[in-house]
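Encoded as structure tokens, the following chain is the form predicted alone, with no partner shown.
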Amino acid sequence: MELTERKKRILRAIVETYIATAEPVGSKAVAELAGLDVSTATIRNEMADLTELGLLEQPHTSAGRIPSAAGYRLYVNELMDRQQLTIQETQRINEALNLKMEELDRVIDRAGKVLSQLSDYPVFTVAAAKQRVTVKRFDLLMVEENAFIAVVMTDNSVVKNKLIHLPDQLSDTQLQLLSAVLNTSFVGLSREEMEEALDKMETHTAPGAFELISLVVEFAIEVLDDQGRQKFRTAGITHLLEHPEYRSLDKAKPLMNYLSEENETSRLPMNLNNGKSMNILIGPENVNDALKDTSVVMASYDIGDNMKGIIGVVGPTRMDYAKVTARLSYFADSLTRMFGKELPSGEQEDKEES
């Protein structure tokens, strides 16, 4: 829809004031904030027009106006200024991403917590599963005569360990032989290939040795299974309680429960439309009932090897969209660059123009 410049300035003033105060905005406040050299009566008429267009709502007869979902959408699409992060904010995000060789899960978790603290909203992260994960190395460490620690490192730099107890004693020499067999026969294999190799080995391996090999390989298969699943995580759910919309536990509890349950968060809107690197869903644009009064802002990242992910913020429709999109965009771009996957030139240009 086409709006006059004056109507745009009034709508923008109302949206940004309501984001900051959570209180309906009256014509007097708009006159001061929008910098318009017109009477409050003229502004009230413009606000009435914006209400008829469905861009504003009037909670009570004598109250000021608040933005509707359509008003937020127009603000996000046309009126919102691009916001820059402060030096302190960029440093905090960079610190959360500074160890490239650390487990990806830990990097994403840490970044989600930092973003939640910076935005004051809950954050969810989704790391898509790598299509093929294999074991890069096995290390076995003797703890005592009948126990050792099995360490499994995958080719995506995930390291897991497990303490394995045995009914009988095991010598250092036997442990070294076990390590040699594992690193010769089970490195570089997928979960299915590892199971096949273990089945073939059973027929020509002494029962006692095969039992030891099986214990470690079964643990490695568990690690690969875990890495093959899409990961959903949330951070800062209690930030909801800091916002007026959710100070009532009756209102906050359903959404907090929804965000805290993995089987529920798996139904969050994960797909970004039309290949966009950033997507914003406002109020009823969210198809899930639990999110119909919220906004969800999502950014995608790509770390190569067919591994993609999404980081998103969930909050009231009175969300500070400029602040949230700036932080999400910086995080996603930093993670993509950190893992060596440069953004396509077209995306860079889109970001500069937005």
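Small disclaimer: the values here were computed from a predicted structure and weren't measured. So that there is no doubt, residue numbering starts at 1 and follows the sequence shown.
One more form of this protein, predicted together with the DNA, exists but is not displayed; see below.
S.K.: Does the DNA get within 4.5 angstroms of any non-hydrogen atom of Gly64 in the predicted bound form?
M.R.: Yes, Gly64 sits close enough to the DNA in the predicted bound form that at least one of its heavy atoms falls within 4.5 Å.
S.K.: Answer for Leu291 alone: is it within 4.5 Å of the DNA in the predicted bound form, judged on heavy atom distances?
M.R.: Leu291 lies outside the contact set for the DNA.
S.K.: Does the DNA get within 4.5 angstroms of any non-hydrogen atom of Lys8 in the predicted bound form?
M.R.: Residue-level check for Lys8: no, no contact with the DNA.
S.K.: Classify Val38 as contacting or not contacting the DNA in the predicted bound form by the rule of any non-hydrogen atom within 4.5 angstroms, answering yes or no.
M.R.: Yes, Val38 is a contact residue.
S.K.: Using a 4.5 Å heavy atom cut-off, indicate which stretch of 44-52, 311-319, 282-290, 324-332 touches the DNA in the predicted bound form.
M.R.: The contacting stretch here is 44-52.
S.K.: Since the partner is left out here, which residues of 15-32 would have a heavy atom within 4.5 Å of the DNA in the predicted bound form?
M.R.: If the 4.5 Å heavy-atom criterion is applied to the DNA in the predicted bound form, 15-32 yields Pro24, Val25, Gly26, Ser27.
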